[in-house]
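One chain follows as structure tokens, the form predicted on its own.
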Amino acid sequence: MSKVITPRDTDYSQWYNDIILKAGLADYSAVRGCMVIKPYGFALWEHMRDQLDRMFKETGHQNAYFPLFIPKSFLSKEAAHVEGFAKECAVVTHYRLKNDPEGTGIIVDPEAKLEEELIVRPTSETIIWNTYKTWIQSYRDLPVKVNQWCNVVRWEMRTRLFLRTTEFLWQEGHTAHATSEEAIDETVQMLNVYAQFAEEWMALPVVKGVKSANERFAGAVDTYCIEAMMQDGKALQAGTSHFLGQNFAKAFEVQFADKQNKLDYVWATSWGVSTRLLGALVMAHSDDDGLVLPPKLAPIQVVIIPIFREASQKKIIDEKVKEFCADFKAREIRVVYDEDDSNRPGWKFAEYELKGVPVRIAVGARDLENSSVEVARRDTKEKMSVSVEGLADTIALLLSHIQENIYQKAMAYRDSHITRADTWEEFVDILETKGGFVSAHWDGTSETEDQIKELTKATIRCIPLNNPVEEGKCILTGKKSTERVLFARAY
């Protein structure tokens, strides 16, 4: 009974928390607003990280590492950047502790005050561009295409596991280019990398677009994004790629001599995704029985459970399962043989269903006499009898079908939750009764965007790429508009 999950229709927020905690993805930490990523959750993140890392390197990027601490003065050099992050920064003011002379424990040594406070990394543009100043002198030093995997800290008042925590894991790419065209191409390229990863690996359909000025990254000229739809009709920003122009290069005096030996400021990008993608996986695909994981990312793709009454039957099963496992591993299928006899098969079925393992195989002595096994799919709950001949090939194909089915199900939900609205009344009604993305006209002003957010809690998620020109009127002000944008309530 301890593993019972709150149904989505009863309390979506509690359903989300139940799955994360009971499926063993994460736990709460003693540090307020932080989380402990448990081994199963971290294995899932490792598969995501490793695939993204391959994709980054295929596009010419290299990994590096920069300090966790950033001098306070660095953040003040780019005005929009400091304004965007000032309220989220954790600040280190002292470097030593000492025993309390009154014997009440440990206190901060007042004589160990730093000359300049250090900011715990909320993002790394400033420390990286200060470093690039020493790396870049000539066009021959460009482009610089660096990524780092690290943790960041953004002080959050309201936190949710994976979606919004004070400390989280992510990657951040930071590139430098000789021309604006190269930097914009880089920004779009990395947006497409994120979209490909989301769709092909996470089975998560996304909308690619550009953020409005209100939603733009602090210090960016343009922010590109991928937006996904969760099962409660709310949007989730799944990744961002920023064209920074020359803002950070000017702030940190990063100039280069071009081929004519003329000095110019470098053009920049940054881009990142974080462990909030784990939250997206949970909310986009899972059901009331637990996780539903796309096979490409599942830490365990296949679990084999023996069904027997006598030790002699178990011995026969063990020998056959060894063959199965060897075949699976030769196909690079991640398989676990659960022969732990401290739990009954029914308990194991429920446990692996909760953990979202895509394929479960039950092997009984009688099944083997008939040269078959029982195979159950996690995504559809379908059970089938499958021949042991060529089992690894059959399962490999099944995993591919499951990956595609999960994607198509999410796509169908997303597409059915993109709704056009031409009046304010329609707009509000859709948000209240259906949710999802609302495609509507907007007059292009930050004031109107702010007012819509205040009235409905909906924000402009993106202006879709390749958006068609369409004459219309803003849903709120009635002013002229030439294109629709996507609004939604979001995480």
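What you see is a predicted model, and the numbers here were worked out from it, not measured in a lab. Each residue number is its position in the shown sequence, starting from 1.
Keep in mind that the form predicted together with the RNA is not shown, yet the notes after this line are about it.
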item	value
Options 152 to 160, 191 to 199, 113 to 121, 136 to 144; stretch whose heavy atom lies within 4.5 Å of the RNA in the predicted complex	152 to 160
Contact of Arg276 with the RNA in the predicted complex (heavy atom, 4.5 Å)	yes
Interface membership of Lys57, the RNA in the predicted complex, 4.5 Å heavy atom rule	no
Partner proximity in the predicted complex: Asp379 to the RNA, non-hydrogen atom cutoff 4.5 Å	no
Exercise: Trp347 in contact with the RNA in the predicted complex, heavy atom 4.5 Å	yes
Contact assignment for the RNA in the predicted complex, among Asp264, Glu182, Asp109, Glu88, heavy atom within 4.5 Å	Glu88
Residue among Glu374, Asp327, Asp287, Asp318 with a heavy atom within 4.5 Å of the RNA in the predicted complex	Glu374
Candidate spot Lys77, Tyr337 and Glu404, all three touching the RNA in the predicted complex (heavy atom, 4.5 Å)	no
Sequence-ordered list of residues in 357 to 373 near the RNA in the predicted complex, where near means a heavy atom within 4.5 Å	Arg360, Ala362, Gly364, Ala365, Arg366, Asp367
